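Listed next as structure tokens is one chain, alone, in the form predicted on its own.
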């Protein structure tokens, strides 16, 4: 999909117009941002926005997040265990201490 983010009033207005006119190409709309279908028409609309508004339009290529392919099992297990913890007010750092779950600092320093 193509993620379109706008940073000016004019660009947002044009994005709204594009979304209302070409609803079949819009996957989802988030106010000042929208996801467009990954088609040549979606690319045309995105590039048209950038051509008209320059740097006020950011275009990103997104991929669906496959947690089983991208995230190690230890992180998935830690997320599940943390969401099923007994005390909901326990911060993750305290929860992970003394367990096999990864520490927050290790998670922050590791790229996916």
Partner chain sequence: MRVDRDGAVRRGRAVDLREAAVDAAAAERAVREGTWVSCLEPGPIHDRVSPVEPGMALSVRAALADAARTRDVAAPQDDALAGVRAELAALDPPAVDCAEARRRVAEAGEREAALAERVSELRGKLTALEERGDDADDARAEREAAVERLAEVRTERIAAEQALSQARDRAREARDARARRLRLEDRAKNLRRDARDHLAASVRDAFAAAVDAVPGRGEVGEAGEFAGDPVTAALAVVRVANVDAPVVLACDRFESAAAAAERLDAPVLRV
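All of these numbers come straight from a predicted model, not from anything done at the bench. Residue numbers count along the first chain shown, from 1.
We do not show the form predicted in complex with its partner chain, though everything after this point is about it.
| query | With the cut-off set at 4.5 Å between non-hydrogen atoms, does residue 49 touch its partner chain in the model of the complex? | reply | Close contact is absent here: in the model of the complex, residue 49 is far from its partner chain, nothing within 4.5 Å, heavy atoms only.
| Is there a heavy atom of residue 38 lying 4.5 Å or less from a heavy atom of its partner chain in the model of the complex? | Output for residue 38 is no: heavy atoms all beyond 4.5 Å of its partner chain.
| query | Any chance residue 9 has a heavy atom within 4.5 Å of its partner chain in the model of the complex? | reply | So residue 9 counts as contacting its partner chain.
| query | Does at least one non-hydrogen atom of residue 57 fall within 4.5 angstroms of its partner chain in the model of the complex? | reply | Contact check for residue 57: yes, within 4.5 Å of its partner chain in the model of the complex.
| query | Any idea which of 57 to 65, 80 to 88, 22 to 30, 38 to 46 reaches within 4.5 Å of its partner chain in the model of the complex, heavy atoms considered? | reply | Result for this chain: 57 to 65.
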